[in-house]
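Given as structure tokens, the chain that follows is alone and in the form predicted alone.
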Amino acid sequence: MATSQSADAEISAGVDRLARAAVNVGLNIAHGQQVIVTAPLEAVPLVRRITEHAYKAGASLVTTMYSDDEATLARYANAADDTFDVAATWLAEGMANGFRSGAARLAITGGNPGLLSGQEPDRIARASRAASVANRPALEIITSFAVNWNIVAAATPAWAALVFPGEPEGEAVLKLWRAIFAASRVNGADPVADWAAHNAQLHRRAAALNDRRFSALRFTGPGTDLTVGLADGHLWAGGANAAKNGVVCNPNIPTEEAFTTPHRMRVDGYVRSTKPLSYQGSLIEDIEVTFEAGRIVSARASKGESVLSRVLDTDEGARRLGEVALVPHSSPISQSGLLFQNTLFDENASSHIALGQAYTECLVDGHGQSPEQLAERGANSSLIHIDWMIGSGEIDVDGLDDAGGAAPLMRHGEWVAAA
């Protein structure tokens, strides 16, 4: 076991490397650009290092907004029931205006994945929907890739306790930081160069998928036989890409996926989740859903089913898909053997789908098209965008063409050599 002093030094050095990667690889801040940061209170050390490196990179102003798990719980314990339909619309509007003015977006995740376990599901659903409505303008800016944005993670005691149950708090936090550093590819001598090599690999994979021009994907395995039609004129993406403001950024650190936009009306079959979903402080486990003509018509879960049901009732688009992503089972996060109970990490251990809002960046010439035009091409619209994992070492994936042919893309969760 590391001594307290050596552990603190190890964490401090790693946090600095992660902060530099977030600024120089994740955001790739333009000179004079403002940065809007959101983070849990426990992430202050990482926020400070990110702020330092952002100013060194030329940021004009870094503004951080913190969330507090204890304050959130205080609301559920003491607030009047009718207040759970209220959200800070003024704050959401301010953030959206910041993005419209060119500010970059940096989110730090790390809150307690099970914070709201045991709270009234109806209150969770109402608060979540109110927040989703308020944040819709900002979400549309982000999912259209109008500005450069990035998400990274900070280890917190509550999160570490779930990933490493039974460990002393200090040891659990150290282990979680180590896992974050490894997954985020910041342990090498030159993380920027390491990320350049990794991005090149992800770009080659996306380019190969774009060359094949599949019309659909078929996932098969235990509890799963799902055909996901792809949007008309879809594009595969992965790794760093240029936002519409011209800045090349890595939205997610870590990332292992190649992803695209499914057709909202062309999803059929059934699928079972392969990892728990952490959503708004609730854990949803063993999800099983059936799709018909793009829409979920039945859904169940062994835990958190009432939360899932309320999520699906958020709006019409909540029962349809906005993303499909392919991730090999041999990804570093999967091979770590850890269940992070955090979507940023678990989605990069497994192929996944996302309920809700589509990424319109993954459509040829999608920029500037009206909502009606995007919908005609198959892009989904919703207040939510929620990834959940459907891949494993037991799942096969085939690419389907318009003529009815099928080509193997993944077998037992791994890329087929010719794919």
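Sequential numbering from 1, following the sequence displayed. Note that the structure is predicted; figures quoted are calculated from it, not measured.
Although it is not shown, the form predicted in complex with another copy of the chain is what the next lines describe.
> Check 133, 213 and 227: does every one of them have a heavy atom within 4.5 Å of another copy of the chain in the predicted bound form?
No.
> Is there any non-hydrogen atom of residue 301 lying within 4.5 Å of another copy of the chain in the predicted bound form?
No, residue 301 is distant from the partner.
> With heavy atoms only and a cut-off of 4.5 Å, decide whether residue 59 touches another copy of the chain in the predicted bound form.
Yes, residue 59 is a contact residue.
> Hey, in the predicted bound form, does residue 41 get a heavy atom within 4.5 angstroms of another copy of the chain?
Residue 41: contacts another copy of the chain in the predicted bound form.
> Taking 4.5 angstroms as the cut-off for heavy atoms, does residue 200 touch another copy of the chain in the predicted bound form?
Contact check for residue 200: no, nothing within 4.5 Å of another copy of the chain in the predicted bound form.
> Which one of 336, 97, 245, 290 is close to another copy of the chain in the predicted bound form, taking close to mean a heavy atom within 4.5 Å?
By the 4.5 Å criterion, the partner-contacting residue is 97.
> Counting any heavy atom within 4.5 Å as contact, can you tell me which stretch out of 115-123, 311-319, 74-82, 172-180 lines another copy of the chain in the predicted bound form?
Every other range fails; the passing one is 74-82.
> Where, within 27-65, is there a heavy atom within 4.5 Å of another copy of the chain in the predicted bound form? Residue list please.
Sequence-ordered list: 31, 32, 34, 36, 41, 44, 48, 51, 52, 55, 56, 58, 59, 60, 61, 63, 64, 65.
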